[in-house]
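Heads up, the chain below is alone and in the form predicted on its own; it's given as structure tokens.
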Amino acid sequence: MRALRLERSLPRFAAARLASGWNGRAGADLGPVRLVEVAAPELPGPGWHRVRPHLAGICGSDLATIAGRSSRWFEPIVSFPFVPGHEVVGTDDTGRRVVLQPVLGCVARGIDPPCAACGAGSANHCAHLAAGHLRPGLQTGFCADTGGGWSEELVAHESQLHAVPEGWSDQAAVLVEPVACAVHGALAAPECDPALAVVIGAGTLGLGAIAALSRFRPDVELVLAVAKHPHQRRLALELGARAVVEPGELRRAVRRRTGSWMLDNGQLTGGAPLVVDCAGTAASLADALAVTAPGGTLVLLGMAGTTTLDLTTLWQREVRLQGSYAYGPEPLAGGRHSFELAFELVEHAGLERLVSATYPLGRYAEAVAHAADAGRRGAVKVVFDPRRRPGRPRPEGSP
């Protein structure tokens, strides 16, 4: 079968890191990913299925890995060579159309009894990401034994598969996994009285978080979104934001809406009770800390990696810094799972419109470059269709 496989090559990672600084496509061409013919992965044991992907998304963690910019913290919990791709809709070997829940917790790894987190349904907190009958891998798409969505076939445990509702398009279904992450981030902060919530970043996660705050958090009266590009600002307003500002306007906008003062260093005396950072850059985190109210919560939904940040305000203002990874049972939604809420949200908000372009595997360098520059190019989510052979990229909505 054909697959995009990522090899562990330090020279190629270094070349990709250097090239991605000035040319996204060059970073993909020089990087550690190659289109190869490989054997389909073997079924690890009972309860496992073969899945043939229809669509597989390109996410920020994929781009960081290809560009050589992901944190070395991940090294013990991934195994090489692996096939990327964890945002997947496909058909399994029983004929079902399914969405993949990619986290490889104790159940998928054959560990019995499971750890306490997996026993409570929170595989995102699994203590055994490098144990069991699978090689290390925090998720499908980062594990050498499972394969990934950027291929013609992968394997998945029954516990990882969710049936796609009748009548759904593949474009809607491929959004379920990233939207589940966004839902988890939107519900990560404890219930309080955050009349104002700020969402920084308007890619897939940011737009999903805006929609989730609007639908699932009645304690949020107003969502203020931060977006760079016109199509992002339009979508943010359509999905529930009451106001949208550019990054350089954020601090002044929060000052006006909260009646805060702005100090000489740009720090606010007050701020928003809830801030969700979907970018994870040094600049976005500095802004997020500056506009989070004393005693408020800053949710880190975007993967930050290694960065330098002044945490004095975190200490002095007693800000709660909350990480948000993957999904699980959501206490603020009566214990419903993030995936269940994501299916509801994708349908309610019509989020399939976020899929902007589809590429065959053979045009992976162009696809990666498009995804890396999605905002400037008027796109949100770029996906692979492993069934297609090379040709022009197909904008969504075209035959």
Partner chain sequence: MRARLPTPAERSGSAAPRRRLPVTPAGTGSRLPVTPAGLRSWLSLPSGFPFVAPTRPTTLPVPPAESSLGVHYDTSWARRYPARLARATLTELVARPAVAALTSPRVEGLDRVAHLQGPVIFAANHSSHVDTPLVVSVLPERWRHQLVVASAADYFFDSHLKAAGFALLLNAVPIERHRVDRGSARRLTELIEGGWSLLIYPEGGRSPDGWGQPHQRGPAWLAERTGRPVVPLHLAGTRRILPRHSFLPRPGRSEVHFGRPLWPGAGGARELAVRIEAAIAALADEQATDWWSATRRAATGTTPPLTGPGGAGEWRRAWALGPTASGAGRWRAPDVARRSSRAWPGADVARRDERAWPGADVARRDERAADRPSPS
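Residue numbers count along the first chain shown, from 1. This structure is a prediction, so every number in the text was calculated from the model and none was measured.
There is also a form predicted together with the partner chain; it is not shown, and the following applies to it.
- Comparing 365 to 373, 329 to 337, 345 to 353, 32 to 40 against the partner chain in the model of the complex, the single stretch with non-hydrogen atoms within 4.5 angstroms of it is 365 to 373.
- With the partner omitted from this view, the residue of 104, 202, 88, 275 that lies near the partner chain in the model of the complex is 202 [heavy atom within 4.5 Å].
- Shown without its partner, this chain lists 187, 223, 181, 164 as candidates; in the model of the complex, only 181 has a non-hydrogen atom within 4.5 angstroms of the partner chain.
- The candidate spot formed by 77, 160 and 169 lies out of contact with the partner chain in the model of the complex, as no residue has a heavy atom within 4.5 Å of it.
- By the criterion of a heavy atom within 4.5 Å, residue 60 is counted among the residues contacting the partner chain in the model of the complex.
- Though the partner is left out of this view, residue 303 does reach within 4.5 Å of the partner chain in the model of the complex, counting heavy atoms only.
- Although the partner is absent here, residue 217 lies well away from the partner chain in the model of the complex, with no heavy atom inside 4.5 Å.
- Interface residue remark: residue 228 is counted as part of the site for the partner chain in the model of the complex, having a heavy atom within 4.5 Å.
- Residues of 250 to 266 lying near the partner chain in the model of the complex, listed in sequence order, are 251, 252, 264, 265, 266, the criterion being any heavy atom within 4.5 Å.
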